[in-house]
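Just one chain is shown here, as structure tokens, and it is the form predicted on its own.
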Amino acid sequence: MAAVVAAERAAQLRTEIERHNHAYYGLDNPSIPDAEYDKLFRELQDLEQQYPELLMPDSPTQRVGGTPLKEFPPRRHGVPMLSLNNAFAAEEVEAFDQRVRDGLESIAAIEYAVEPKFDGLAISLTYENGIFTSGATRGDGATGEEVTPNLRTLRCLPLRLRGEGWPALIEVRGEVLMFKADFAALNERQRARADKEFANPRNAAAGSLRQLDSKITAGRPLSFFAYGVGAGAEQLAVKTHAELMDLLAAWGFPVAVERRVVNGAKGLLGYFAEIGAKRPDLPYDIDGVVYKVNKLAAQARLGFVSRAPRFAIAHKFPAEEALTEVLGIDVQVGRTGAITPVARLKPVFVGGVTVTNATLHNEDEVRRKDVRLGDTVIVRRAGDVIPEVVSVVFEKRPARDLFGGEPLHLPFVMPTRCPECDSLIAKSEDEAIARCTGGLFCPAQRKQALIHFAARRAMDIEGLGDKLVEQLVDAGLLHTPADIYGLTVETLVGLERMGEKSAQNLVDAIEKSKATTLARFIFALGIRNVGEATARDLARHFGRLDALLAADGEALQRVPEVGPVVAASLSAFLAETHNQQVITALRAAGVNWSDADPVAATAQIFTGQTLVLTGTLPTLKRDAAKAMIEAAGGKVAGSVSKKTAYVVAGEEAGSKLEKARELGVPVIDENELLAMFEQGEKQ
């Protein structure tokens, strides 16, 4: 066959196979028998083997798994993948609708786009010029794991966008999941091979997508549904979320057929009831429904709060419940000293997992529910995540033992001394939670504080995980976070299961962690009520640690989102002598955040402005430049629009630079950016 004729036939086969894929996976309406599909697929494979120049990256044959990955590289999302706030009751949905109407100053019923909330793994797919180029998991919202080779194995996922209307770069957001029937068949195959069975479809989907060998992923029956877009959204000619979903379907993506548009809180609750009734018969698992303000302009007006949009919310179904027996009641000591009663349970399967422990929250809650040793209780996974004891089945509690003696079930009594360090347990008048007073003297608090300090979102010390921290604390090698920076290869090699290479890797990771940001450092300290968002607000407001250390309660409350409770926690933590000593020791060990100081006096020069970074900057790393801009009150976006204030361009700047010139957006280089910061410091 001549090369020209072969090229024409290959193009025809690719188009035909993708059309059949869309009919089978996207529309659930197969157009040809499996045998005919296989015949077309083999013909294309043969052509590509005979004429290697015909092999295209978007060919259906490239979905088959390739060489196993050594690891999953990180991939930063062009636009963060935000989480949704949850509602569990009708009153919470009505309150959400009221907040939306207040925010839009509307007395009329709001139009909402509604759809099922898939119980799978969130994914972001990047398409450049209509071709699928990369895909990543949600990760921490800003950066995920790149799993591109594995995603290519999903035949329901278009490698080339259909239709028209897509920009040069677009991020499509959606959920990878496994259908119930496919999950059952997979577990049947696992049993036949005497392999471990998966607990639920979500775990099976997540585990399959994170395989280092994409051939394994290719053999798993994964599906995908699109539900939105990230970078590139502003370039789409749509005005509502419903239109966006129709556009995604036209591009070849599977979307929920159960989606629709409703009006007001009444429409939301009606849809929730309807989908709840259909839930058992749906071909896939869902754990609720999602409500989004339909008009995109209204979404932009409402904006975001912390890590969640104001214009959307997830309405979760009631968690699954089960009966089991309380085998014992223990207490656990948390990172902040919180004493939490925990029921040890006879193992029970709830919501897709086997539960052996459930929280009892606090002493008052135990007494209110009257949970006792030996009781039969109703257990559920609160929010489908944290197991909790809902109530006691009192009919199953015998009043006396067989001989008419003392009651078998005695009330729970909170211990007065910490089970870890024997320090006094105390409870303040304004708190329901009792706390160990031992602080870092308490091994449990010490371990949890150190684990938190080393975590990826804090100081990011790779290799210093839970078990190693416990081992180091038990060996008396770690007492405070500052002790981490005194660890040596010689000391670590003496530990169980720690070879010289592993020890050296850990020491190198510790040294690398010294260069951090002020926001990460504040978060790593583990101050009560100070999460990542608050730590960023504090770093942005004060700029320098010394300014934060000198701030009183009144000064702290001038920081956005910092109220009396957070200010009190900060003041109490910073007033403690041993905490001051730890901070001093950490700085003396070389922990630094050089990227915070340059913007200390210019924290507001980019307030309300959006900047875009493109190309390689001469001296600044991308993350450092982004942190500086955000600390100066600005936002860093992944794509250029008319609303972009500046494009900061480095070497090998590509399409973003061209787009800026087309739109007339000012383009600056690194020197001009630094000059702006310097000028701001002088004002």
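One-based numbering along the sequence shown. Computed from a prediction, not measured in an experiment: that's the story for all the values here.
As for the form predicted in complex with a small molecule, it is not shown, yet the points below apply to it.
Only one segment in the set 115-123, 321-329, 387-395, 268-276 has any non-hydrogen atom within 4.5 angstroms of the small molecule in the predicted complex, and it is 115-123.
Distance criterion of 4.5 Å from any heavy atom to the small molecule in the predicted complex singles out Arg138 from the list Arg536, Arg381, His361, Arg138. Interface residue among Ala95, Leu373, Ala89, Leu82 relative to the small molecule in the predicted complex, by the heavy atom within 4.5 Å criterion: Leu82.
In the predicted complex, Val290 approaches the small molecule with a heavy atom inside 4.5 Å.
Although the partner is absent here, Pro167 is not a contact residue: none of its heavy atoms lies within 4.5 angstroms of the small molecule in the predicted complex.
A residue is said to contact a partner when one of its heavy atoms sits within 4.5 Å of a partner heavy atom; Tyr127 fails this definition for the small molecule in the predicted complex, lying far away. Within this chain, Glu171 is remote from the site of the small molecule in the predicted complex, having no heavy atom within 4.5 Å.
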